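A lone chain, given as structure tokens: the form predicted alone.
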């Protein structure tokens, strides 16, 4: 790589000082000598001065050629400050010095005294604006900060975006409109002015927008919603106007606004300060979208993971009237995404891409990209030239459960508690119908607080859950604490995440899915809640009475208690398997689900939910 040398103002200062020293030396030797007035009078009395010119402020003159005031090296010209001396003329006459009076013009000097500071101040301002990056300058506050990718720039194509085939099909029509708008306008058709991409974070919304520009070969204006709002009131609206003016000059083109919810949040309530500025910016955006020329080839694409908080005016026909869901990919989509990211990685032939895709239900595109990178780093750390299946399996565990902490010292009694806890999870998971198959059990600490975990595996992507399956998940989550109570007679603090998970499932059954006979088929959850984001502690409006709230709590507690008793009954019935599995886990620290299933068969119990060895995912249980 070519090394670039950065300019430093220190070099300029150093060169300037050296030049001034050289100039001073040359002026002293070959230029004009500056004399004190007393030395000038002495030179006149000694007959060394040939002639002088007297101005209002200075006296300039020359020494005689044969006498340069004691040194032939010094310059013959000199100057001194004029002093009000009434005897000066007499002394000049007595010494035979030719003298003249000169009226000195100060126009040039006065002009330069103004122009030179202005020039240097302007040069300094220009330098500071360049250092601040152009867009950051004060004079450009009203200019938009959009990154502009021209049509000849290297681009992303649809083939680079995998796992979102339905969204790509929807956007193909946008590409066709930009390439041949006359095809649609010929019979009076109008393409939607705005396309809104909605979906969870990391699913590829931004890449899809860039792929549309890449396929249609048009300029692409990319800007985040938060970049419109500025310190000064009115700057956001000015930036919106400037963005659309530039887009009209470069049509056909695409305007992409990422994180649209930062700009387009629903209006309402009392507006003060920054909220009023945001609403002004939103109003200007609505006006610009209404002012679109029907024949203008400009497509506005927005992306958000909070569509429920957008202003309704943005979503009406004529603005963002087409919404495209960019959801988490299914197994086939995850496999396609993995193949895209594996192109730049040295992957071994033994890697089962389909198996890795089956390990990762619920992973978005960004998660899969991180998974491939983690596997590559693990292979490098172990000195391998290629990434094998083992690295991908370990990468899944690292991403889901965290980094292994083999150096964390746990005393013998705590290790025994963790072993029975995790064996309890796995044993109930293999004993109840509807639970996810068990792949692996380990007591090696991972992440921040997990002292062990049980790896459950769905055999396929699921989009619906039955009541029996949800109850099985609650029973399995509570089985760890049930095993502790059976074996040790008391429970530990290691089940806090299990209790949280079980309570969330039970509360969802009661409030959202109408699965409790006592509460009936009533939806009791808040209407406006995040669709794609999980926001802990988000306060929601409660639309039921205190009595109903009490009944909800009782129903949730009843579900938890029933499934806890169910888990205890299963573990007491299979106590021999529980003890044998815990001993094996203490010995090996990590066992497969099939080993525990073999222990069940040895003791006369038939294991359920035995999934394929290649179809697995990880769920951390503490």
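Since the model is a prediction, treat every value here as computed from it, not as a measurement. Numbering follows the first chain given and starts at 1.
FYI, the form predicted together with adenosine-5'-diphosphate isn't displayed, but the following is about it.
- adenosine-5'-diphosphate is not shown here, and in the model of the complex it never comes within 4.5 Å of any heavy atom of residue 318.
- Shown alone here, residue 399 lies farther than 4.5 Å from adenosine-5'-diphosphate in the model of the complex, counting heavy atoms only.
- Taking the partner from elsewhere, residue 393 is found to have every heavy atom lying beyond 4.5 Å of adenosine-5'-diphosphate in the model of the complex.
- The shortest heavy atom separation between residue 360 and adenosine-5'-diphosphate in the model of the complex exceeds 4.5 Å.
- With the partner omitted here, the stretch from 308-316, 243-251, 78-86, 336-344 that lies within 4.5 Å of adenosine-5'-diphosphate by heavy atoms in the model of the complex is 336-344.
- Put simply, of 470, 297, 207, 235 only one has a heavy atom within 4.5 Å of adenosine-5'-diphosphate in the model of the complex, and it is 207.
- Checking 202, 192, 355, 434 against adenosine-5'-diphosphate in the model of the complex, a heavy atom within 4.5 Å turns up for just one residue: 202.
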